[in-house]
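Listed next as structure tokens is one chain, alone, in the form predicted on its own.
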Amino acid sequence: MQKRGNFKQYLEPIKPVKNYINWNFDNSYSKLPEAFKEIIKPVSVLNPELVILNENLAKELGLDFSKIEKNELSALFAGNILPEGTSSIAQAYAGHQFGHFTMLGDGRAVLIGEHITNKKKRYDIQFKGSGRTSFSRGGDGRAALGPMLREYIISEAINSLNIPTTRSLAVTKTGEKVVRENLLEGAILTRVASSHIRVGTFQYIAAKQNIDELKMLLDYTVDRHYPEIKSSKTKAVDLLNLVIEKQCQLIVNWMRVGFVHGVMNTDNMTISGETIDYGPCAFMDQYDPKTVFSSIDKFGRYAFSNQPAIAKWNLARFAECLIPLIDEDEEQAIKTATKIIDNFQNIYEQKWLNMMKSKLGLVGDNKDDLKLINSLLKWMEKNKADYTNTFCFLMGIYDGDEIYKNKNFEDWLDAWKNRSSLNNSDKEKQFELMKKVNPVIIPRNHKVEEALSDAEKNNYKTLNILLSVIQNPYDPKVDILKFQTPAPASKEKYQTFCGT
């Protein structure tokens, strides 16, 4: 473990933080048995410096940081001091990482506790990059500034796009270097989630083969996220169905905006249905179903078009964990679980079709809708059209370029207009529907890189401008052209990295 520094100057003058921030901790997960966690505090850092604080999220959480000096805030969000009422732990979980099963856990994160808002909503408050734990497996337990700011940017973008997600409350520099390929500025991200219960959490407990603890995890998860099935006699079956529904909707939303998660391991699939772990993630510019950004995804396992299939695969692993709780007869339990998992495809395809029809402003049903949608996607792929801007062009809010004067595209436009007129929907109503689901602005990869590059030089202006722009992706309040335009063509493939 890393040595603690001398932080007397932070610790002595500080009043109980809860009194004037409005923290309200009630820590239920830390009360679960030893198998679920390690009790541990964040490892103190040398010279914390707050980089960014999410004022909007703080307001939603009912927190008030206005009366706190910056050095105290820095110490707080670095873990050098902890709010009153915390009970910090590293959570245990397992995961299929690129298909290979591993026993894992929070190797560089500490859950400091669960904050309850005035509206009685419960949120995990976690420090990511807070030092080594017993789950670190030789890692340093730290994080670099760039990846933590990337998570801040992309998670806030996903939230603004109306997609369930964990969020980022703050990023703080540690004043220490982390060793990757180069020496990098260290940082800690404060992550907020409805919980950090994952498919991998169930895999970890299931692998221990303690049926009582597995039942305990099932009950805890239901109580926390799905209280409507609390009294059900088929709780495990009901939970599996609900999680499938949530994950189908989540993946459909990713596909709607061209988001590529990049590392859909089972430890990165939440039971709540929130997007989690923004490592090598990015948004697709040119439409290509084989799009991969992650530097370590050599075979395209987590490519854009593979995300639905991987979600189903992950959910099958979740179902395996629940087998002992579905039915005492193992053979019958497997049949039940298999039938539920096999239904994933039907649920997903219907949700995806409805989503794509909304993107095109199509009302009602027509037997040729799927053909119309697929012909557009094939045209986009063949002509390397920008995914986001093509739908903006259809809504009349992107001037477009020569690509949209293509004869095949003009023929498709005629077919789309004919289909649109079938239900007597006027253009204004059609565009209203389209504008609710088609973002005008996404965090373009080159803009994200510009913000991160400037931030590493202690210039946060570019970052703050980008964050303000992505807050209104459907109705931008600024001059949008430079944020709407894809990166200039390059022979170099854009890559992202996991940051560990």
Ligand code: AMP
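When you see a residue number, it is the position in the sequence shown, counting from 1. Keep in mind it's a predicted model, so treat the numbers as computed, not measured.
Keep in mind the form predicted together with the ligand is missing from the figure; the text below concerns it.
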{"property": "L250, A236, L104, A206 - the one with a heavy atom within 4.5 Å of the ligand in the model of the complex", "result": "L104"}
{"property": "One residue of N314, N80, T166, N268 in contact with the ligand, assessed in the model of the complex (non-hydrogen atom, 4.5 angstroms)", "result": "N268"}
{"property": "4.5 Å heavy atom contact, R122 and the ligand in the model of the complex", "result": "no"}
{"property": "4.5 Å heavy atom contact, K378 and the ligand in the model of the complex", "result": "no"}
{"property": "Q97 within 4.5 Å of the ligand in the model of the complex, heavy atoms", "result": "yes"}
{"property": "Residue contact check: K215 to the ligand in the model of the complex, 4.5 Å heavy atom", "result": "no"}
{"property": "Three-residue site S28, F36 and H115 fully in contact with the ligand in the model of the complex at 4.5 Å by heavy atom", "result": "no"}
{"property": "Partner-facing stretch of 250 to 258, 237 to 245, 135 to 143, 318 to 326, counted where any non-hydrogen atom is within 4.5 angstroms of the ligand in the model of the complex", "result": "135 to 143"}
{"property": "Stretch 166 to 199: residues contacting the ligand in the model of the complex, 4.5 Å heavy atom cut-off", "result": "R180"}
